[in-house]
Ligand SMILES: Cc1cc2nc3c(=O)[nH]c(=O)nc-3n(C[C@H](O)[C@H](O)[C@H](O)COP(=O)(O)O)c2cc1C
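This document opens with one chain alone, in structure tokens, the form predicted on its own.
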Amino acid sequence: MRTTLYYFTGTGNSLACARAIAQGLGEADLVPIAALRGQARVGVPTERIGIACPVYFYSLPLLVREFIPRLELSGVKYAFLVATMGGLPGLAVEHGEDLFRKAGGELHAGFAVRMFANYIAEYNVRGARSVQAMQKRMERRAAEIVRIVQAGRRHLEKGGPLDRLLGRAMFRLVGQKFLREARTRDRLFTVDPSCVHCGTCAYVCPVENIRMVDKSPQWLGHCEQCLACIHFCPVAAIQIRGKQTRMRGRYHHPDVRPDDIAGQRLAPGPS
């Protein structure tokens, strides 16, 4: 069965995971969600679909939350969600299940895959040894996901009762506020004098939220909080006001290039 695997990524973790799953499944087409954000309805060309994206504040990114209900699912026989995370999965799979139901379909499988924590607004990133461990762990999980998907099994990783209770509490406490404010939180981004005016930040933004004005980046208020601009800046010149980000490392998946992140703006051609 051919698979359409939709993805959204900021630092490359979800794309790397999607690639590994697509390779394991065989006949699979990777389609960037950001390229479809202007479509009122999204036709699905295959009977099996997947979505790979990060967990943001105990839920799914706004872009993904808005995308799933626009899917035309009448011909879909099997749907799965892969939520990559650096911390806790929260309600990502549960919310995915609700969104598929809202679209008139069903989520048959949902997976939480631990990757590399990189939300430097809240914490520092770890070292190269942790990246290597992450890669091996991700490859094992991708192989497991492939087996479950190929078998057409129902498999929803929503955690136990205590996990769900904690997820709901944290989502009410911080997640809902994040979703309300995410797109205008770019007002907190600042640029150091070390900026070399290369335009990489504008180039990698998957939703075209940055333009260069007098050779410096200007954010436009429709941010997804993926932090691609921060992590791909070659001189770490972009900071978050009120956070100690100058003292924190930067990260993107070692197998993902700026061209891969920027390429999310472009719809794939016919296969």
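The shown structure was predicted, so the numbers you read here are calculated from the model rather than taken from an experiment. Residue numbers here begin at 1 and follow the sequence given.
The following text describes the form predicted together with the ligand, which does not appear among the structures shown.
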Inset, instruction - Indicate whether the ligand has at least one heavy atom within 4.5 Å of a heavy atom of P54 in the model of the complex. - result: yes
Inset, instruction - Look up in the model of the complex whether G87 has a non-hydrogen atom within 4.5 angstroms of the ligand, and give yes or no. - result: yes
Legend entry - Close approach of A117 to the ligand in the model of the complex, 4.5 Å, heavy atom: yes
Inset, instruction - Using a 4.5 Å heavy atom cut-off, state whether Q225 contacts the ligand in the model of the complex. - result: yes
Inset, instruction - Select, from the options 136 to 144, 72 to 80, 153 to 161, 108 to 116, the stretch whose residues sit within 4.5 angstroms of the ligand in the model of the complex by heavy atom distance. - result: 108 to 116
